[in-house]
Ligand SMILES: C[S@@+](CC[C@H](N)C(=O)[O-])C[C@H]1O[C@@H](n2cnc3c(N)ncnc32)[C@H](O)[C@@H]1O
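One chain follows as structure tokens, the form predicted on its own.
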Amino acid sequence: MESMTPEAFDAQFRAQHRSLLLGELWANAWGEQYPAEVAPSSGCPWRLLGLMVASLRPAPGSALVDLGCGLGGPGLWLARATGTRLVGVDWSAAAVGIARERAHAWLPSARVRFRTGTFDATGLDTASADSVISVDALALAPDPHAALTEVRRVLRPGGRLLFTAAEPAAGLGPGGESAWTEPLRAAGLVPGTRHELPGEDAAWGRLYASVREHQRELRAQMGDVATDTLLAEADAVQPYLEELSWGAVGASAPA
């Protein structure tokens, strides 16, 4: 698809970053769960940030990788909160550039690095990460097995992965197990707990409705292409929101 290229993401990230209105719509959609300083361009409520700390338990000075980092907010927040060293990876050079600029307000330069890379070719050293996060990104990898295999390569023994994904509720196991369980095993990772993220369907519904309501103002700030991309996403996803379950999926590298 033409829209699934680094260049298309470059344009989208630049447009969304300069729109003050879009940030307001995100904040209104998530309400008190919206982490304003993080300013995520994905579903990243406060409950997810807390879950990252509790599930990953990253030690100060350890290495954290944010895969598909976008504009960098969740990784910057987690690295500052836990005293870790952050490497953010995204295939959009524009997103990486914006994330680098944002990083100055969050972390000392020695503790943060953003670079271009893909899900299956991060450019990171083998066994160089203690923790890997991915917010609404890893699940979109063109080749999920290759992406998970790359995560396995990058993680140190015992290192932990936590990523978010929307899944058909009907496809979850009887105990709420994720459909990612077998793909994780196939990549050499040890599946962990899937944590439900309540309220995400309603928040996305509010966001999509407000994007439609304010599309004229968004076009003035972001341009037609970026606005049309958001509207196309709303048309594709909103009819199925009640059928989806949002969760954070955990896994680890064998010790």
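Please read all numbers here as calculations on a predicted model, not as lab measurements. Position 1 is the first residue in the sequence shown; the rest follow in order.
Below, we refer to the form predicted in complex with the ligand, which is not included among the displayed structures.
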item: Candidate stretches 150-158, 167-175, 77-85, 135-143 - the one whose heavy atoms come within 4.5 Å of the ligand in the predicted complex; value: 135-143
item: Contact flag, Ser41 vs the ligand in the predicted complex, heavy atom cut 4.5 Å; value: yes
item: 4.5 angstroms heavy atom contact with the ligand in the predicted complex for Val65; value: no
item: Trp91: touches the ligand in the predicted complex, heavy atom cutoff 4.5 angstroms; value: yes
item: Proximity of Trp180 to the ligand in the predicted complex, heavy atoms at 4.5 Å; value: no
item: Non-hydrogen atom within 4.5 angstroms of the ligand in the predicted complex for each of Leu49, Phe163 and Thr193; value: no
item: In the predicted complex, residues of 100-119 near the ligand [heavy atom within 4.5 Å]; value: Gly117, Thr118, Phe119
